[in-house]
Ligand SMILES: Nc1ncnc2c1ncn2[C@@H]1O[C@H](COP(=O)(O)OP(=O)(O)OP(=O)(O)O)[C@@H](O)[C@H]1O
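So this first bit is one chain, no partners, the form predicted on its own, shown in structure tokens.
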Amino acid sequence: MSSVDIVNVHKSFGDNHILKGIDMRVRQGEVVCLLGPSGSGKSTLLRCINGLVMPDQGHVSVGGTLIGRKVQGGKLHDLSDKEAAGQRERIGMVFQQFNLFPHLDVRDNLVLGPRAHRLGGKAELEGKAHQLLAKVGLSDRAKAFPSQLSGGQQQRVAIARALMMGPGLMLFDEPTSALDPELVGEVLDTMRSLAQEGMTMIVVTHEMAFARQVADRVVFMADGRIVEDTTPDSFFDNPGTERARAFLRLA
């Protein structure tokens, strides 16, 4: 499991200044829920953490390793595409959309990445895939294709696929927002189990009950800044800013 250090991170896209000096530390084994209105920078921050987006200023470290860059000759240099991809192997990412390969069955969706990175032999990887499918409650769906699964089942497969790489950190970007309401619970239950096992997790979500029950900390963002960083009880029972109170009234 990995800690995360975010130091003075700024990010702009054109004239749009998305992140405006984010400082945050996530301890090993901690679950942090990122809350805030749309456009506050939550998803961009997740992408800075796993190296899909590089900050314009500041830096991110995961498990003590600088993300996306390295120091050579006393100067910072961007990693090569291959080096950056190697870093992302150790950081699991689950998106709103499931991004499963429709032409592959569930088991083959899980083993494709580890096999490409030579993380084990065929039998070993298939055995691990079956173990993770059992963990997410889908042990009987290994030979099904994504089109034969519900949205909730597809998202649980996506979580198992991320876990196949043995990540020390899991990032979730609104993992239930594309699901019908009756399917949300099964995905949140899977995430709750991961949290109980001690996985370091950063979760962007609008599921307030999940944030209150599972998070160790709630980080509330607005307009590209962290407005509050506190315990769930403190945030939900006694928010310290009018911005947070307004958000909760609409949540």
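Quick caveat, the model's predicted, so the values are computed rather than measured. Throughout, we count residues from 1 along the sequence that is shown.
The discussion below concerns the form predicted together with the ligand, not included here.
Checked against the ligand in the model of the complex, the residues G63, G29, G185, G39 give one hit for a heavy atom within 4.5 Å, which is G39.
In the model of the complex, the ligand lies farther than 4.5 Å from every heavy atom of T190. Contact check for M24: every heavy atom lies farther than 4.5 Å from the ligand in the model of the complex. In the model of the complex, at least one heavy atom of T44 sits within 4.5 Å of a heavy atom of the ligand. In the model of the complex, the ligand sits within 4.5 Å of a heavy atom belonging to I18.
Remark: of stretches 66-74, 192-200, 31-39, 211-219, the one touching the ligand in the model of the complex is 31-39 (heavy atom within 4.5 Å). Heavy atoms closer than or equal to 4.5 Å to the ligand in the model of the complex belong, across 157-177, to one residue only: E174.
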